[in-house]
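Quick heads-up: it's one chain on its own, the form predicted on its own, in structure tokens.
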């Protein structure tokens, strides 16, 4: 089963190597990984998608990651209310005659053409992985020359008041 693990880490040299080393020693396959700075200087966020056989192995690797010196926080956010996005760049074979047709296909996905050449065009799309997969399948008959995907970036949604919390909030005002 695929799990989304979010790590908050110190932004130091070698942290990515140590984190992936823990996963490699435990024989976890990393399906995707993305790393970038956070709102706090010197702190980065890693989003990992890993294949895990069972909950016990997931708990084991989470504990091992928490033991790493530069790891500040580890969370399995798969089953939580999260916002998930990915970026993909897709180069499609295209002639001048097909550009309008391809534009009609990508428009409902809110994708955009970011580069045009004599025999191809490049499309940029952001969204959930299933949305990106759907667009790739629609573009496949035109001849995909190249695909570059960033991997998932995710975080938990903000707190949404439940029905009873909402009514209590309005009663207090």
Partner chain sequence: MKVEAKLEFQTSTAPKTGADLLIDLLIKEGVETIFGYPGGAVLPIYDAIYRARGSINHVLFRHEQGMIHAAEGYARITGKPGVVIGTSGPGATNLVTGITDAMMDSLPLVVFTGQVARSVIGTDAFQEADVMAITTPITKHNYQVQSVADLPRIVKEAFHIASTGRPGPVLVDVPKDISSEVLSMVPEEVSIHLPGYQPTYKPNPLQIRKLAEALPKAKKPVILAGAGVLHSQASAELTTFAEKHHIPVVTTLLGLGTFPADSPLSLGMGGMHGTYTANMALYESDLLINFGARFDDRLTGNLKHFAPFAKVAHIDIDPAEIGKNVPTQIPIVADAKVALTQLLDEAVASPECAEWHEKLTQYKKDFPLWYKLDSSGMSPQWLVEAIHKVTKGEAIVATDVGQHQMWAAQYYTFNKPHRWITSGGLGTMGFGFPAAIGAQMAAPDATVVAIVGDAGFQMTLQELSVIYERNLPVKIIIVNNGALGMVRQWQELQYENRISESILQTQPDFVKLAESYGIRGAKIDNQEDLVASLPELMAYDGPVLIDCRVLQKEKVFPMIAPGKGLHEMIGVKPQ
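Residue numbers count along the first chain shown, from 1. Computed from a predicted structure; not experimentally measured.
The protein also exists as the form predicted in complex with its partner chain; that form is not presented, and the subsequent description refers to it.
Taking the partner from elsewhere, residue 63 is found to have a heavy atom lying within 4.5 Å of its partner chain in the model of the complex. Within 4.5 Å of some heavy atom of its partner chain in the model of the complex lies at least one heavy atom of residue 12. In the model of the complex, its partner chain lies within 4.5 Å of some heavy atom of residue 72. Its partner chain is not drawn, but in the model of the complex it has no heavy atom within 4.5 Å of residue 32.
With the partner omitted here, the stretch from 104 to 112, 52 to 60, 32 to 40, 128 to 136 that lies within 4.5 Å of its partner chain by heavy atoms in the model of the complex is 52 to 60.
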